[in-house]
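Have a look below at one chain only, the form predicted alone, in structure tokens format.
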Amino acid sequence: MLDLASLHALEIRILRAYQNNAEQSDAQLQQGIGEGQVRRAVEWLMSKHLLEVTAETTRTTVSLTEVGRDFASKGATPETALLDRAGAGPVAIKDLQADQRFDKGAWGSAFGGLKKDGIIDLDKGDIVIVDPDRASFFGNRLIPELFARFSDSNTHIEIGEFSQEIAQYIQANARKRGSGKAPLRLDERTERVYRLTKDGRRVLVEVLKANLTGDEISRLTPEMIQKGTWRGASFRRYDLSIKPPRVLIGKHHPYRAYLDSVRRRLMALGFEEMKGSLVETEFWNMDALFMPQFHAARNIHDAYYVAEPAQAKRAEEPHFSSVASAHESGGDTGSRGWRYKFNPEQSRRLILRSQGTALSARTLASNPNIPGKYFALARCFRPEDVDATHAADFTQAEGIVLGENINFRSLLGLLELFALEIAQAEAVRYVPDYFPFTEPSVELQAKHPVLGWIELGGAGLFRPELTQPLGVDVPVIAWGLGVDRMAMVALGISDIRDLFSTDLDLLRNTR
């Protein structure tokens, strides 16, 4: 029989919850106990074979971000407001941006997204609706069927309660990598139901006989002696067989050690390391990647702008002219380009690097080896809303492989290798994605033991409009993976902020 003295107070409280109930769910066990405390106590009891899982259900719920709550309060999104104005008569982009309901970035994102989807177009500078049926979805259904259903900031609605069209909009506009301004958030939660094992029921009987409540005092303090509150109190029995505290020895910081191991493994695979400045121009960070200056995708890469100096002194030739030509007309790539007037002043603006792909662009422009393999562990910066899986600065494992025989299948093989061997994930999956500079594009996801499926990063085959202006005529596969999230999987961490924790106990116990 288990020694009752070895039971933690939380374990006793969980056991007593089964006095009148054969089964209890996570939510039921949390009555009076915090979620984290319940999770720890349940794991302890399961490791002692006193508790077992009888059912497990995974639910995907939708909630509004701060941006989404703003849309709900205004009764409009930038898309619905844009289509409403365009339906009333001719309107130019500059007229929309004068409307103070939304900032210029939101209007630009709405215009870029609707134009990409073929719902609107430009006619002599004015926005015109070219697909009225799809436009009516935004005008008549989006607000009442989605945003108006959330009564407050704590409302969570299961995604299955929405229509197929609304669910598709949610999937496309929910927060994901870099989408700090997304209006919606998807959360995947696993709800378990537990029951006591045969041994667990025996232990519960003993706990009740001993009248243990889980509120017993485990530590006698000077204050209790001074005030006399120890009199009549229930104390936990001391177990002198418990092992003494372990001797602590020095060790490398677990995240630093993980980064070093990633670097060693990639170099062992024959990759050459790319390095560069944390301060970049918009040219290398976005323009050289064939990301148009008006594109909604730029919102994913919201950047920290340098105040002084605000711009680089000069454009970097010969690549500047060839990249500008590719944007405006496709240049010599056989493409029509993005068909807009390229702005050289915007291209020279200085920012903190928002993606490691800027290093790949510089490498391609510097006469790289063909065939060649390159990687970078690049520190990047974006004004994100910090939470368990997002940070305002992060490390990106950037990589490119170029050669005559490189193809998309080569990319998928490398991504699986990284996820299984470097992130040490138990399972991986690929999800179709979109990036202005790759076609086809894919998102790599890994199964985290606590958070479920999390995105590790994006990848794809560089478009000729990117590679040819930089002087490369062979296929190039590229990826940008979040090393911080890979470290979360490999180190068993559930909150990205713990990678930079000053909690010595956490650091000592992280593998």
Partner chain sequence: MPKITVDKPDLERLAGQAYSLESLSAALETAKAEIDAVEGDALRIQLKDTNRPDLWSTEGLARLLKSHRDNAPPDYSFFHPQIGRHAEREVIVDPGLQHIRPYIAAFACEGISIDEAALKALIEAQEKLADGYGRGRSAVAIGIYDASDIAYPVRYDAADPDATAFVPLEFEREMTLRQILSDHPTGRTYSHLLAGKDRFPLIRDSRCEVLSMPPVINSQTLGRVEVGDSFLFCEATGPELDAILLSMAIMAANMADRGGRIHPVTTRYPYDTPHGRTLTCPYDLTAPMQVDIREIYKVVGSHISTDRIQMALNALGYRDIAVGKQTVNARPAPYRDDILHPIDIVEDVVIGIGYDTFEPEMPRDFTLGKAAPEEDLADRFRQLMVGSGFQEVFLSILCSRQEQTEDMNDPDAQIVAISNPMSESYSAIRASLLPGLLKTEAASRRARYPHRIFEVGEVGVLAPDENYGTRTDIHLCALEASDEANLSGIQSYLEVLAYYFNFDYTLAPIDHPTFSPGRSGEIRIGERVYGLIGEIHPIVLETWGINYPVSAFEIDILIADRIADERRKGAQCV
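Numbering follows the first chain given and starts at 1. Quantities reported herein were computed from a predicted structural model and do not represent experimental measurements.
Note that the form predicted together with the partner chain isn't included here; everything after this is about it.
The candidate spot formed by G118, F138 and A182 is out of contact with the partner chain in the predicted bound form: none of the three has a heavy atom within 4.5 Å. In plain terms, the part of the chain that comes close to the partner chain in the predicted bound form, with a heavy atom within 4.5 Å, is 441 to 449 out of 54 to 62, 25 to 33, 441 to 449, 40 to 48. Taking the partner from the other structure, the partner chain in the predicted bound form has no heavy atom within 4.5 Å of any heavy atom of G113. Although the partner is absent from this view, G413 contacts the partner chain in the predicted bound form, with a non-hydrogen atom inside 4.5 angstroms. Though the partner is left out of this view, T333 does reach within 4.5 Å of the partner chain in the predicted bound form, counting heavy atoms only.
The partner chain in the predicted bound form comes within 4.5 Å of no heavy atom belonging to E223. Exactly one listed residue, out of Y194, F375, W107, F147, brings a non-hydrogen atom to within 4.5 Å of the partner chain in the predicted bound form: F375. Contact annotation: of the candidates E272, E158, D99, D126, the single residue with a non-hydrogen atom within 4.5 angstroms of the partner chain in the predicted bound form is E272. Contacts of stretch 426 to 448 with the partner chain in the predicted bound form, defined by any heavy atom lying within 4.5 Å, are made by R429, Y430, V431, P432, D433, Y434, E439, P440, S441, V442, E443, listed in sequence order.
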